[in-house]
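What follows is a single chain, given as structure tokens, in the form predicted on its own.
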């Protein structure tokens, strides 16, 4: 049994009942064999053995009082996965599916993703099995304050800098910032990112992940003499990432035709009305059925699989394992030529295999959705300098970072003999950055 196979077997046995974490480990570890052949010192110093084990996993209860006066209890987490490159950095997710295994998978992915950005950021992630949907502002406030009552002691500008994720937007970040300030007496400028611009947030942060995804795909297209111009694009999700990806696709001449939520998806053959989507999802906070009501020429399919819609490009922007084997088969059958992941690990291993077998341009999430953390790092820089950059400055820097990621992952794929395998390229490039930092610091 090879080093990587034996290591993977042990790691899975040590973390039973954590399928998402196991999947993330397999996807990375199984591509690193060629690295250890070239760099046996990584094996001797057990770099990968140390990397796949988080430095710290914090679990805590979150008691709060709901609008009826009843006490509720949720479970909160923060994984401080790896700090070899810099302070732990990663979002906080509020969703019923959050568990220790999900947070570990996200922290592991975040470590390699942050490595790809070229910025001095370690990897972390956090969250709770709390669902903000249907909750009043007062209930969300009560939960966020209780969550920070524990988490505040573990975070700081040079230690761990959280941000938002699924279920955590500017409202939730603001409530956590306020409670952190109350508990510590310190201004929380560099402790959280994703803040509102009125108190230290960066312009361009809400757009960052969606825009970054499209910038990365556009650069991959450019290398093949293509662009988004005229391409029909299927997008899943209906949050910040999905809607801003649709917005940037439109700006680059593409035609985004779908977004989806847990109830179904909208198909708008002539191209989505992004302004209407923003009004429905961001301002009115309604379901996608409201889009159909406002624009009768569109179609709403309840419970359907968005990947059945014929397209040139697919951008999964919702959550992990949302794009299964059947979805990948449908995309290939209907002529899709490229897939870019705006979410963390949205494609199942079987789907990825189909994409690679059929020669699609496939950009994995740890590269393609790095725009959010990149602008979070820019927000940290602005906070440190007590400056506020223009949207144009932030957007220009984001484009540069995403192009840098494309350069890294394509060079790594070429160096290891598989020039079209961007999964291998992203895994190796991210691993090398973290591994070299770990080697330089001894056994810690």
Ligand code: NDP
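Predicted, not measured: the structure shown is a model, and the values here were computed from it. Residue numbers count along the first chain shown, from 1.
We do not show the form predicted together with the named molecule, though everything after this point is about it.
Q) Okay, which stretch from 172 to 180, 256 to 264, 139 to 147, 272 to 280 lines the named molecule in the predicted complex, with non-hydrogen atoms inside 4.5 Å? A) Going through the listed ranges, the match is 256 to 264.
Q) Would residue 315 count as touching the named molecule in the predicted complex under a 4.5 Å heavy atom rule? A) Residue-level check for residue 315: no, no contact with the named molecule.
Q | Contact label in the predicted complex: residue 327 to the named molecule, heavy atom within 4.5 Å | A | Residue 327: no contact with the named molecule in the predicted complex.
Q.
I'd like to know if residue 240 sits close to the named molecule in the predicted complex, meaning any non-hydrogen atom pair within 4.5 angstroms.
A. Residue 240: contacts the named molecule in the predicted complex.
(Q) Would you classify residue 287 as touching the named molecule in the predicted complex, given a 4.5 Å non-hydrogen atom cut-off? (A) Residue 287: yes, in contact with the named molecule in the predicted complex.
Q) Does each of 95, 167 and 342 have at least one heavy atom within 4.5 Å of the named molecule in the predicted complex? A) Checking in the predicted complex: 95, 167 and 342 are all within 4.5 Å of the named molecule.
Q: Name the single residue among 369, 193, 117, 347 that comes within 4.5 Å of the named molecule in the predicted complex, judging by heavy atoms.
A: Partner contact (heavy atom, 4.5 Å) among the options: 369.
Q. Given that the named molecule is left out here, which of 319, 74, 298, 83 has a heavy atom within 4.5 Å of it in the predicted complex?
A. Partner contact (heavy atom, 4.5 Å) among the options: 319.
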